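Two forms, one chain: they're shown below as structure tokens, one block per form, named structure 1 and structure 2.
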Structure 1
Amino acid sequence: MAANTLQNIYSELDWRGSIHQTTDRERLCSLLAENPQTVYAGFDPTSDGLHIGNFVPLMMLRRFQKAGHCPIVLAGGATGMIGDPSGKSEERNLLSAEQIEHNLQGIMDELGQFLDFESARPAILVNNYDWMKEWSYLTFLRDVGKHFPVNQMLAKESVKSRLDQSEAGMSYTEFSYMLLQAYDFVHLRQAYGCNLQVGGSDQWGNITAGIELGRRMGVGTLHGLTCPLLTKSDGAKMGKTEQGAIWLSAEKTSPYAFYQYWFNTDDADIDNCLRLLTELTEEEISALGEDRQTNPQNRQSQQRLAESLTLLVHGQQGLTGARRASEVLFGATISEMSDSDLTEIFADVPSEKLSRDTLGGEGLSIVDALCQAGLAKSRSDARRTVDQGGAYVNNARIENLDYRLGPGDLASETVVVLRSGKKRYALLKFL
């Protein structure tokens, strides 16, 4: 790997805004410039999949690998059993062993997807349970715990903020969390020569705990680097919607929904997202910024963001499908399509099956149709929607309350596409 490639990683992370805090900047820069380094980031199995909050540190590992360094992804099979108090305002409920095992399976597969395990300098996937399980409580206390001054532990933000609120408090279990993560770092240093840990800004306390432990246990100087949390301009976390988090797995968040999430990113946040999450160059991103000033209606930035992330997470096929669905959904009237096309395009749109007979005779009233499709909570609600001009059949607005669906309203062999408002779709299948 060329030396100049190595040199660039720090400055790249810097212009991308990926650096929140680092330990001794000078030394870290020269370390990264001189030799390929092994870098690690940990992910606890708090849920059975990764969401976009995990994305920033993952992309960071990916960038390190592309720059010629060796990334280690750590799945927290052990730490997940304890629960990280960092960034949490109250004590967490412990997950059951089965739950953790299940979650671990889910995230291990996904973690692998963003890194290259085949190259000359392959990424490494580890599970901290593998080394933590060897310890007995007594030996851990003697060999590791002895190096932790409680007064320093109490000074950590994650602990202090909890103790300051008299209501919240903290269990001894959570209090001990930082020992485990600190030891992970030391272990990875010993086993893989890993000198650098990266993570979200809320991990700073845990990372420095590891560095401190390394010093006391005499494994040498360790380094830490944190990235900012992905937030919107109004301070809210990115990736949260009314329906919940945006996940990386296609089962939890469809490629279409994923694509649309990014496509709808606020102008105020888009630059930040492009820099933190994509692999577009500085030039491309600033060109997009200019285009956004002059031709905002083209939504070039949003499109590039949505495309590059969907491609990375869901592959070419996922992207093609998402893009095609977006074209049809936000396009003109839907007609003369085939069932298979519609089913594919509206893959994650709720659908209801009805008897073909309901279309015969007088047909199905628009009010009933909206209720059946789940687009209205009650008939009153459906009436309101139509009244206010928010009801659409095959993307054509229906304003007449007495409108009845008949065979002529089928967009394909058996499907009618209903919509409420701008974006809420549902299918009725008449079989």
Structure 2
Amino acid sequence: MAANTLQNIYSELDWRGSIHQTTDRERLCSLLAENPQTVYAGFDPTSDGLHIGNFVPLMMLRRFQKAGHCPIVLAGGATGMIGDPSGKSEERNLLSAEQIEHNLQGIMDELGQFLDFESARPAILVNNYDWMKEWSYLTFLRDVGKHFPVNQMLAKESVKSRLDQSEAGMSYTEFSYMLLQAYDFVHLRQAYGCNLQVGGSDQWGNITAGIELGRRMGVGTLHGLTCPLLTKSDGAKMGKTEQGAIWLSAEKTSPYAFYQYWFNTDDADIDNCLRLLTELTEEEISALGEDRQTNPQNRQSQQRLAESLTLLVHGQQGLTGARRASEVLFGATISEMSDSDLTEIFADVPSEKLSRDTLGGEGLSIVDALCQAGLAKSRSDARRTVDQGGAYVNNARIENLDYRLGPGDLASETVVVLRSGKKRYALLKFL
């Protein structure tokens, strides 16, 4: 890997706004420019998948690898048993060993798609339970716990804010979380020569605790770098909807819903998202900013963000499906889709269930279909809709009053999509 590539990683993270805090900036820049470094980020299995908030540190690891460094992804099988108090106003519910194992498998399966585990400097995937299970409680307290001054632990923001804001305070279990994460850093230095830990800004206290532990245990100088949390311009967390979090798994958040979330990003947030989350160059992002100023109605920035992220997270097939689903809402003809796709796209429109036999024989008249779907108050109202050119089956205009729906009109396994006018949709499900 060329030296000038290594020299560019800190400046790239800087212009992207990916750096919130860092230890000894000058020394870290020098270290990253001199030789390939091993860098790690941890992800606790609080769920069986990763959400968009996890994506910022994950993208940092990806950028480090592309710049010639070696990323370690740590899945927190041990730390997940306790739960990180950082950024939490109350204690997490403890997960069972079975649930943690299930969640671990889910996130480990997802991590592999963002990092290269087969290159000349492959990414490394580890589970901190593999080394923590070897410790006894007394030995850990003697060998590790003795290096932690309680007054310094109390001064950490993750602890201090909980004690200040919560009447329940903090249990000893959560209080000890910092020790486990700090020891992870020491272990990774000893086992893999890891010098740098990255994470969200809420991890700064845990990261610096690991750096201090490394100094006290004599493993050498360690470094830390945090990225900003993904927030909107008003300070609210990004990646939340009325339906819940935006997940990286297609089973939890469909490629269509994922695409639509980013396509609807506010102009005030779009530049930050393009820099933090995509691999677009500084020149491309700058050009998009100029277009946004002169042609805001084009929403080219939103389209590039949605396409770039959907391609990265869900691949070409996911992006193609998301584009197609989006085109449906702009009037594209609907055919050969799945029931789940159509249900996702038209989640908020009324639907009616009819017998599959209704499509047999002469089929169902367009007039009766509009009435059955609730798009017409009466048969005369339905006829008027057809006469005025406002009746659509699967987004294809129907101008013949004698038109009858048959099996060939199914847009998916069981669904026909009806439309009245420009925006009034309804589904007929033939079961």
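Because the structure is predicted, anything quoted here is derived from the model rather than measured. Here, a residue number simply tells you its place in the sequence of structure 1, counted from 1. In this text, rigid core is short for the largest set of C-alphas that superpose within 1.5 Å between two forms.
Choose the one of the two that is the form predicted together with the RNA. Of the two, structure 1 is the form predicted together with the RNA.
Is_shifted residue 16 between structures 1 and 2 (CA, 2 Å cut-off, rigid core): After core superposition, the C-alpha of residue 16 moves less than 2 Å between structures 1 and 2.
Superposing on the rigid core, does the Cα of residue 149 end up 2 Å or more away between structures 1 and 2? After core superposition, the C-alpha of residue 149 moves less than 2 Å between structures 1 and 2.
Need one number: degrees of rotation of the smaller rigid part relative to the larger between structures 1 and 2. Relative rotation between structures 1 and 2 amounts to 59 degrees.
Cα shift between structures 1 and 2 at residue 400, which is computed once both forms share a superposed rigid core (Å): On core superposition, this C-alpha lies 19.2 Å from its counterpart.
Once the rigid core is superposed, tell me how far the Cα of residue 417 moves between structures 1 and 2, in Å to one decimal. So the C-alpha of residue 417 has moved 2.3 Å between structures 1 and 2.
Provide the displacement, in Å, of the CA of residue 345 between structures 1 and 2, taking the core as the superposition reference. A shift of 7.5 Å at the C-alpha.
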